[in-house]
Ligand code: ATP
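One chain comes next, on its own, written as structure tokens: the form predicted on its own.
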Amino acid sequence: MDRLTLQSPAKLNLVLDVLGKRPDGFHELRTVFERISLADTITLTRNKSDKISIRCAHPHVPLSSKNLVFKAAALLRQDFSISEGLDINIIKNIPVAAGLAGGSSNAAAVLSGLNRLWQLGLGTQELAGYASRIGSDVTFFLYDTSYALGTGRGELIRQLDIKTKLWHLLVTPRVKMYTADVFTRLKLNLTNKKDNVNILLPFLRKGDLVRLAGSLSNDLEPAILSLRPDFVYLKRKLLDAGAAGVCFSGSGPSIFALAESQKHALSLRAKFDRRYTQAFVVSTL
């Protein structure tokens, strides 16, 4: 096999609890990941050079070693003494620097794909070891699961056997928002901290959309809004359009509206402010 093409899906955080600062400088998190149908396409092709090359038409995707896909390929290439080169082609549908973990998902796709292309024989736990060295969200995408609980930096994954399928209108303003900038603005208040994960999970399991909508939460929201106070109006517009509930994903700026069905999500998009051109109807994958 000389070529392999993979889908690389985005994620949402239905809950994101920030539990405190870690000695390594990262934050201790507790989050519920949802894998969604918005996806990039990654094609891996062997080449006869000794180089890793990246191709992508999106102007904000780095084509250098700064891209997480390069790091993923380079780690495996070095550890397994692979001499051949690799072409990585990315068709980008997931907005960049948007709280949707597109880059992390791309890296996970490369890890999984090269495990097959180069016949490395690595199990999921071994791949997870590489994923945790690349980025906090990468590990989630190695698991074939719709939902998972993420702890630690987000890299410790427990799959959740939940069958509920959700529909959302996902809106991403054309603003790049970097995780480090958001966490710099985070003001932790751990007094009487709620366990938002365990509040949400029973409603998610039952498919109780009304209570689920009221349980969506993201501790980074105040920090996101301190950078972009105008996003308050975006939340309000989605609620006014008839969303059951709204929440930022990750470190933003993407915001998702919980809908009752695909039809409802499509109607939300039809009613929504057309200035926001990155508006996607998505479902649980």
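If you're wondering where the values come from, they're calculated on a predicted model, not measured in any experiment. The first residue of the shown sequence is 1; numbering continues from there.
The same protein has a further form, the form predicted in complex with this ligand, not shown here; the description that follows concerns it.
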Item to check | Partner-contacting position among A131, A101, L114, L169 - heavy atom within 4.5 Å of this ligand in the predicted complex | outcome: A101
Checklist entry - Considering I91, V96, L186, L160, which brings a non-hydrogen atom within 4.5 Å of this ligand in the predicted complex? => result V96
Checklist entry - Any chance T145 has a heavy atom within 4.5 Å of this ligand in the predicted complex? => result no
Next on the checklist: Taking any heavy atom pair closer than or equal to 4.5 Å as contact, tell me whether N106 reaches this ligand in the predicted complex.
Outcome noted: yes
Checklist entry - Does any heavy atom of S217 come within 4.5 Å of a heavy atom of this ligand in the predicted complex? => result no
Checklist entry - Might P222 be said to contact this ligand in the predicted complex, defining contact as any heavy atom within 4.5 Å? => result no
Checklist entry - Tell me which of 196-204, 174-182, 77-85, 152-160 has residues with heavy atoms within 4.5 angstroms of this ligand in the predicted complex? => result 174-182
Next on the checklist: Since the partner isn't included here, can you check whether this ligand sits close to all of L12, Q262 and K271 in the predicted complex (heavy atom within 4.5 Å for each)?
Outcome noted: no
Item to check | Sequence-ordered residues of 43-82 touching this ligand in the predicted complex, heavy atom within 4.5 Å | outcome: H60, V61, P62, K66, N67, L68, V69
